[in-house]
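The chain below stands alone and is given in structure tokens; this is the form predicted alone.
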Amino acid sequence: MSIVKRYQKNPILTKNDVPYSVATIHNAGVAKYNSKYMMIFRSHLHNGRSILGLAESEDGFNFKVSAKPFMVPSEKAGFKEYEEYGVEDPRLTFIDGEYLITYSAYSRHGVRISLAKTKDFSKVERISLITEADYRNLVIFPEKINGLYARLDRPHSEINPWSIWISYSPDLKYWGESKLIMKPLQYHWDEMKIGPGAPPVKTERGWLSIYHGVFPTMDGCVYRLGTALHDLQDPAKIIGVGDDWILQPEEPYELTGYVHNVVFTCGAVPEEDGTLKIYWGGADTVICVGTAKIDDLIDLCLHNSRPAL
């Protein structure tokens, strides 16, 4: 039985729920704001490029999409050149009284990560492009560690292919002290590439991170979700990585779609009852949600672990 229990009414959002014309709705960052669940999601337009939309919910399951897109490629100098092909895969982190939004910015120069912020989900301010090309899947920890902001990301590299790194910053713009902390494991469910999924969740036993792993098959790649547990004081130190996946494509809306055989998360919300709501894109076409006990996810990392490196 899967650790993650799918919501029985999945998918919770499809393109038919969007009041403007899109081809897909998927890969959503989610956070709580004034007791509501706020979701920023990715949609493909009919030209193949992506924009970001906004939805909100009272219970974390039933969402209503806003009438207009939330973010589209910028016309602002410094951002326009690097967002011309679209903006994708947002993550949300609440810190210092603001919601940080990291997202992939695509252009003829490759893919970079851009940082924006909002206080109320009505106005958005772009801050900076915080990586060079080619980087994806950047998540920021929800509190400073030893006085510094911390992030996980996934650069492209032929030497350490599609591995997870950690970096630190005093101001969110300038990042350094980078370190490789987790690699794909050969002939394992995540052997081809891995990447941060949802921003880490703080627990008494460590920072809980949900990541995606990719396995190549004769019929294409399969995207699954797994867990890792980082030390609270030194998140570069990984306490354990769950050997088993926690979610894989099984339902029709995950097996077939814009990209087949995909579950891909950008957001997870911890609840007071000790559960975690995990949101994922199914086949890059729809948005789904499921719940898991945080203790079960941690136990997987501690008692059924594979090497981080």
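Fair warning: this is a prediction, and the values are worked out from it, not measured in the lab. Residues carry their position along the shown sequence, with the first being 1.
Below: the form predicted in complex with a small molecule, not depicted.
Item to check | Non-hydrogen atom within 4.5 Å of the small molecule in the model of the complex for each of V259, F264 and D284 | outcome: Every residue of the candidate spot has a heavy atom within 4.5 Å of the small molecule in the model of the complex.
Next on the checklist: Check R112 for me: does it contact the small molecule in the model of the complex (non-hydrogen atoms, 4.5 angstroms)?
Outcome noted: Looking in the model of the complex, residue contacts with the small molecule do not include R112, since no heavy atom lies within 4.5 Å.
Checklist entry - Does R224 make contact with the small molecule in the model of the complex, using a 4.5 Å heavy atom cut-off? => result Because no heavy atom of R224 falls inside 4.5 Å of the small molecule in the model of the complex, the answer is no.
Next on the checklist: How about D89 - does it come within 4.5 Å of the small molecule in the model of the complex, if we only consider non-hydrogen atoms?
Outcome noted: Taking the distances in the model of the complex, the answer for D89 is yes, it comes within 4.5 Å of the small molecule.
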